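Okay, so here's just one chain, in structure tokens, the form predicted alone.
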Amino acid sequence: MLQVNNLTFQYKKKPVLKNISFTVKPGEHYSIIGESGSGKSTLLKLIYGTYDLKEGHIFWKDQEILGPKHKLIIGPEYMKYVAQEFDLMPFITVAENIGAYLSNFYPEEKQARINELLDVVELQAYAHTKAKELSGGQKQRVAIAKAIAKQPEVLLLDEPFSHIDNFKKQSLRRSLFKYLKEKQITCIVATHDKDDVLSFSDHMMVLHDTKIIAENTPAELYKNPENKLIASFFDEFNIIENYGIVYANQLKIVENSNLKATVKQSYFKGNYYLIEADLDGNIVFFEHDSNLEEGLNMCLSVLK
């Protein structure tokens, strides 16, 4: 398994990560979430061996991952890292980029592998398009396919769908993570988007102020958020006296209760409306199946 033991890291004199320890099992999908600047990308780079560690150790199985002082080439052979900047060759095609590191001794097998990966990232129609002619989202998909071409043991993904539009994002997530599970490729994802991880992660950590403030399954973190930061990652939420953190979907209109609110505004969200209301001088949000007029008074109940 991947073991990160008591990792501490800083840029010059600025602490970025303190006393970070966690494990990831082979074939597991593990996610790192946190605000911008929380150290998510730095942690991935440290796992990849981009920087030298002064404090702490990182192991994959029984092999320690070391930085550039100890390794001429950054990154272990069994691991691939897809950063937010895409390492593609612009003047060759998508297919050629994906197959860049595959052996030419077996051309039929190489082509079959390229076709398989084109299917995974849904770029079959762009196989013969030069990389420089692609959009940012398409380049991101090529970078992912290129990273898994030689089927690494560990895949590190930094905001892997940030450049991909919503028309493709949902199906691409399902396709990629299904493939990684089938091939038992250990996957570690750093993201700020709950849809990247909620349906696919086995375990998740929350980074804040240089430290891990929570680690559990996505379901447990969602159902029992320890603080506002964790709740905000998943959904709209409220802080209600005597109830604590209450998601917008846990507030419902009832005939009678002690929670009396007045509608201020309604926001159309597709299959529901997000209602902004005044509750004893505080703003709360709840979900409702229809639009509600401003000024409407109602009673609310917390359903947990």
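Predicted, not measured: the structure shown is a model, and the values here were computed from it. When you see a residue number, it is the position in the sequence shown, counting from 1.
Not on display, but discussed next: the form predicted in complex with a small molecule.
Enquirer: Considering only heavy atoms, tell me if S36 and the small molecule come within 4.5 Å of each other in the predicted complex.
Expert: Judged by the heavy-atom cut-off of 4.5 Å, S36 is in contact with the small molecule in the predicted complex.
Enquirer: How about V16: is it within 4.5 Å of the small molecule in the predicted complex, going by heavy atoms?
Expert: Yes.
Enquirer: Within 4.5 Å, heavy atoms only: does H29 come near the small molecule in the predicted complex?
Expert: No, H29 sits far enough from the small molecule in the predicted complex that none of its heavy atoms falls within 4.5 Å.
Enquirer: Would you please decide whether N238 lies within 4.5 angstroms of the small molecule in the predicted complex, comparing each non-hydrogen atom pair?
Expert: Although the small molecule is absent here, N238 would stay clear of it in the predicted complex, with no heavy atoms inside 4.5 Å.
Enquirer: Which of 62-70, 39-47, 238-246, 259-267 has heavy atoms within 4.5 Å of the small molecule in the predicted complex?
Expert: This holds for exactly one stretch, 39-47.
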